[in-house]
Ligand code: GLC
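A single chain comes next, written as structure tokens; it is the form predicted alone.
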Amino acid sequence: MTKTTLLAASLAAALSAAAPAVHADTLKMECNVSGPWKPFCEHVKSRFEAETGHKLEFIEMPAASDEKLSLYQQIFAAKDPNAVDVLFIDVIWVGLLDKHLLDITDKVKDLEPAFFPTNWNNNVVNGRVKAVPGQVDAGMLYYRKDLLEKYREAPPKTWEDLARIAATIQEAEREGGNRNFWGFVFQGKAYEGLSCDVLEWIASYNGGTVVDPDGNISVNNPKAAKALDTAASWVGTIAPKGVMGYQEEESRAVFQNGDALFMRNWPYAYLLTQDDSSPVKGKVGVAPVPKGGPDGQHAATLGGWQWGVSAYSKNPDAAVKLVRILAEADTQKQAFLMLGIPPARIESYEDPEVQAKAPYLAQFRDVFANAVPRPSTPTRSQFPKVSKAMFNAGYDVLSGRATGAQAVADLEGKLKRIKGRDWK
């Protein structure tokens, strides 16, 4: 090598070492690193920085979903490119935040087969993918294994089975000394949780999804009316009248205290019922939400959280790389092992580490596979009004202020007024 060539090579090396990486970006990802999410946040940061050469910073958001959504809406209203790049959004926000989420269709469409179809399709707005599933959730039926065995009953397949079994065992347990025992508890308060229950009841009787995926209002039909009347028949018979003030935790408290045979709730409740301090530890089973009669279907309301990219991000390509890492099987497995979050990827339920930590999780797979999305994507920014109309209709029937037929007709009228010419 000549002196000139050697000098040129040395100069190039020096300049290369001194100059920053041309394409290195700093991304901001929502992750509450100061709380229990810290190990997972750091795991993602380590992987992302090692694999991409970019830097990752975290922003913290309120724990309450409504507060978090309000803050996102403020950020997006300002179109702030420096606020957040990758965000964690509720399954019902995809349509609501549609115009603020980057279209990532071409960058992630290869991932579709890895996820539960209903969960993936919930994130598709007007044919464009706006988010990738991060965790999945769905309503399910909890039951007392010991009591069903004691009275020689099997987990109910239909709501009619549930009502019969609940009434029989409720009477027997009360005669045996537990005067506070009830057959069934669920979320009956007028809030989003009741919208989830209303959707499950109506869909289970093949009454549709209130608003169909194409945006058509479909709730005013006899099967939907029957579903609501059936639910109303439980209040004061197999369920306490106080159930109309119950949210998830009130329902869980009654069930976990040993004072109910059946409970409708979300997967999070399982580990809590198995805590060492729980009176029902080792006595709890889970099953799909019952069908509406023998011709009905198991219809659990879809829940969960999704990873999306801000449409105002200055680093969209790097942000998509981060979302793909968050969507990987190993990343979602780590989220489960560290946080107990049910993975959104189908293959995770066959993973030996996941099965070893939570053998019960395999029971949830079929529930997640058949979950029914709330009509949030087709109704877009108007979904909060739609949900309010849904839970108020359900509450009116539970309280006896309306029959099922009256409620679904009234709900149809309200939804037509909300929709106007089209959902927007």
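Under this definition, the rigid core comprises the largest set of C-alpha atoms superposing within 1.5 Å between the forms. These numbers come from a predicted model, not from an experiment. One-based numbering along the sequence shown.
A second form of this protein, the form predicted in complex with the ligand, is not displayed here; the remarks below concern that form.
The contact residue chosen from Pro156, Gly193, Gly134, Pro240 relative to the ligand in the predicted bound form is Gly193, the criterion being a non-hydrogen atom within 4.5 angstroms. Interface residue among Asn32, Asn370, Ser399, Ser65 relative to the ligand in the predicted bound form, by the heavy atom within 4.5 Å criterion: Ser65.
Of the heavy atoms in Val219, none are within 4.5 Å of the ligand in the predicted bound form. Contact check for Gly303: a heavy atom falls within 4.5 Å of the ligand in the predicted bound form. Contact check for Asp90: a non-hydrogen atom falls within 4.5 Å of the ligand in the predicted bound form. Interface residue remark: Glu248 is counted as part of the site for the ligand in the predicted bound form, having a heavy atom within 4.5 Å. From the list 311-319, 185-193, 327-335, 113-121, the contact stretch for the ligand in the predicted bound form under a 4.5 Å heavy atom rule is 185-193. Along 370-402, one residue reaches a heavy atom to within 4.5 Å of the ligand in the predicted bound form: Arg374. Core-superposed comparison between the shown form and the other one: the Cα of Gly134 travels 2 Å or more. Remark: with the core as the superposition reference, the CA shift of Lys388 between the shown form and the other one stays below 2 Å.
Annotation: Pro294/Asn119 CA-CA distance longer in the predicted bound form than in the displayed model, change of at least 3 Å. If you compare C-alpha positions, Ala64 and Ala389 are 3 angstroms or more closer together in the predicted bound form than in the form on display.
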